[in-house]
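The form predicted on its own is given below as one chain in structure tokens.
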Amino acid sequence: MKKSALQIAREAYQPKLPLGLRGNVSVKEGEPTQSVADQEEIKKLFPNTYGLPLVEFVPSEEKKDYAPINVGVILSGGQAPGGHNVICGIFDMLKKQNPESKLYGFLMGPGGLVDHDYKELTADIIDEYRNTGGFDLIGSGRTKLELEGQFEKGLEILKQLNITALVIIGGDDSNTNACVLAEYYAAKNAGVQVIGCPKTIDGDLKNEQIETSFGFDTACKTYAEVIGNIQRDANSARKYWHFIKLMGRSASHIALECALQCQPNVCIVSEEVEAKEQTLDEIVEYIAGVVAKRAAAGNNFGTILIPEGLIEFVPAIKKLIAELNDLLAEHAAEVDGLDVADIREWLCKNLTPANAATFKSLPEGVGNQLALERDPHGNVQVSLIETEKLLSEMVGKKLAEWKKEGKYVGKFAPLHHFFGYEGRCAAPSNYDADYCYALGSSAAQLIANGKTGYMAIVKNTTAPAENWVAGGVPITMMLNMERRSGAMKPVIKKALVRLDGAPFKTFAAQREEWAENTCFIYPGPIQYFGPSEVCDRTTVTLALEQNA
């Protein structure tokens, strides 16, 4: 594999580990836990893995002997910077415990386990991928592990390879599936441990135990660099309004973090839209008002950040989507094979009157997308809805109306951007390189100490790395019951932007000034070498949440 000079230099970077993972390790266990909600239902579904204690790894004087073991690893779902370092952390800790231990990678996601598609990960292979972005070491996929037949097919290859532990690196859905798999194998006494790792650039896999999901730091810094470049261009040309949609279907963490880093004129936060029960027209009027106010000062330019999942948070559209998901799940055979026009007609006849009226009011392109194929989790594929163009078109119409009424005197020239894939496979920042390596090391320690149904965690990450706290949290602790594809299922509760949280309150206190004035910040590219305050800094979100 040919490498750039940066790749060669990054390969030599040694990720920093917390003291609890550097030498001999002992386990400190906390009190029994319970799920965040629906305790009785979750306990019935997970009798073998419910109520386990929190785990923390601490330095020890005692040297342990570890028998050789074989471990499997899976990358599940969308890519996130640092995934390779999780695998490197697992590999290095396994080899440190016993050089005879082996690590197998299942290829192209959970489907590799079911299809028995794998390769052994040796030192020569691992060393090629240290501190690199992407998931190309073993690939990823979105196959959902939720059926008994899949569990049994997986067990066949695990037994064949003498694999006694499996690490699933993924987001909330993937880790929910890891929890289900752990329970299934525990109930069967199959002799296979299952451990999860928290991954998603969206930032919505976090709670009291998980400070942040890996990849969020790098992705936001990548997007912030490009947004800063666009803002510099906008401030130079002074004639364009840039509508920038950012990844984040279920929460607005990315948009909010990028706003805190870049100080755009407008940032819409989906959770606020829902809380205030705002309509699409109210959002458009707010944006148009900012454009008009800046135009009155001679500033016919600016930047507007839009979260990818905004459309789902507008209350009327959220109600529509919920009914659409249930209808299309229940009547899949009936609508299968129909073209989009016929599906639209069928929906208009079968939706409740209020939701049918909302559906008919939407632009045709948006209505078509809501009617089309769902993602593997049964959700609308909102990333394909061009919300940035929809909003700019509606803002343009509103400004044209105001111009006729003498309320607006400027020029409105919109440009559109969608930043998503650009941030998913970037070379991990020092923070993500360290955090992911520590997560992988924690996963290996959880396995060595006989744990199953746990997610590896690392806390206190705004402190120097030596003071980070590594351990594990029972996945059942994070579960609640939610409606998915027409049925109630146990899932990890998503973390939305908290409107009473420090990051949003910090943003809200400054947004009026950012809207009226040009307060742009230009963060520049991720720095890998140099002063710690530049290279090792966390996201603004994490610093504010941890009061660091």
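Note that the structure is predicted; figures quoted are calculated from it, not measured. Heads up: residue numbers just count along the shown sequence, starting at 1.
The form predicted in complex with a further copy of the same chain exists for this protein as well; it is not shown, and the discussion that follows is about that form.
Distance criterion of 4.5 Å from any heavy atom to a further copy of the same chain in the predicted bound form singles out 419 from the list 313, 431, 419, 184. Here is the short version: of 139, 111, 289, 396, the single residue with a heavy atom within 4.5 Å of a further copy of the same chain in the predicted bound form is 139. By the criterion of a heavy atom within 4.5 Å, residue 79 is counted among the residues contacting a further copy of the same chain in the predicted bound form.
In the predicted bound form, residue 7 approaches a further copy of the same chain with a heavy atom inside 4.5 Å. Not displayed here, a further copy of the same chain is approached by residue 235 to within 4.5 Å at the level of heavy atoms in the predicted bound form. For the chain shown alone, residue 199 is not a contact residue for a further copy of the same chain in the predicted bound form, no non-hydrogen atom being within 4.5 angstroms.
Judged against a further copy of the same chain in the predicted bound form with a 4.5 angstroms heavy atom cut-off, the residues 134, 415 and 527 are in contact without exception. Remark: of stretches 422-430, 289-297, 464-472, 173-181, the one touching a further copy of the same chain in the predicted bound form is 422-430 (heavy atom within 4.5 Å).
Heavy atoms closer than or equal to 4.5 Å to a further copy of the same chain in the predicted bound form belong, across 212-245, to the residues 222, 225, 226, 229, 230, 232, 233, 235, 236, 237, 238, 239, 240, 242, ordered by sequence position.
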